[in-house]
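In structure tokens, one chain follows: the form predicted on its own.
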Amino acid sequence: MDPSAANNPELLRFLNEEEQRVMMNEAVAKLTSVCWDKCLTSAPGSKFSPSEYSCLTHCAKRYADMSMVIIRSTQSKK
């Protein structure tokens, strides 16, 4: 990379946004995999059953809550 490009605020902002986008996509993929495997024990029909819906909702919330705890903990150590 050109040394002058490393100081370009626009480029740095773009790279930061792209990194955040990649991290979000990875988190969604992980969340989907974990909660899907945990909450759906058989082939899904055209709709989730009430228990599947409830499980998926709670699983996603717990995953998001724990992700925020980890992020805050990591940021506070910097």
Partner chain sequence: MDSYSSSSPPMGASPSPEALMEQIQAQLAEAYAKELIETMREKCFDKCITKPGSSLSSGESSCVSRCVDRYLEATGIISRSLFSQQRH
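Definition used throughout: the rigid core is the maximal C-alpha set that superposes within 1.5 Å between two forms. Numbering follows the first chain given and starts at 1. Here the structure is a predicted model, which is why all the values come from computation and not from measurement.
The next section is about a form of this same protein that is not shown, the form predicted together with its partner chain.
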Taking heavy atoms only, is N8 within 4.5 angstroms of its partner chain in the model of the complex? yes
Using 4.5 Å between non-hydrogen atoms, is T32 touching its partner chain in the model of the complex? yes
Taking its partner chain as it sits in the model of the complex, is G45 near enough to touch it, meaning that at least one heavy atom pair lies within 4.5 angstroms? yes
With heavy atoms only and a cut-off of 4.5 Å, decide whether E18 touches its partner chain in the model of the complex. yes
Looking in the model of the complex, the residues of 51-71 with a heavy atom no more than 4.5 Å from its partner chain, listed in order, are Y53, L56, T57, A60, K61
Large Cα move at C59 between the shown form and the other one, threshold 2 Å, rigid core: no
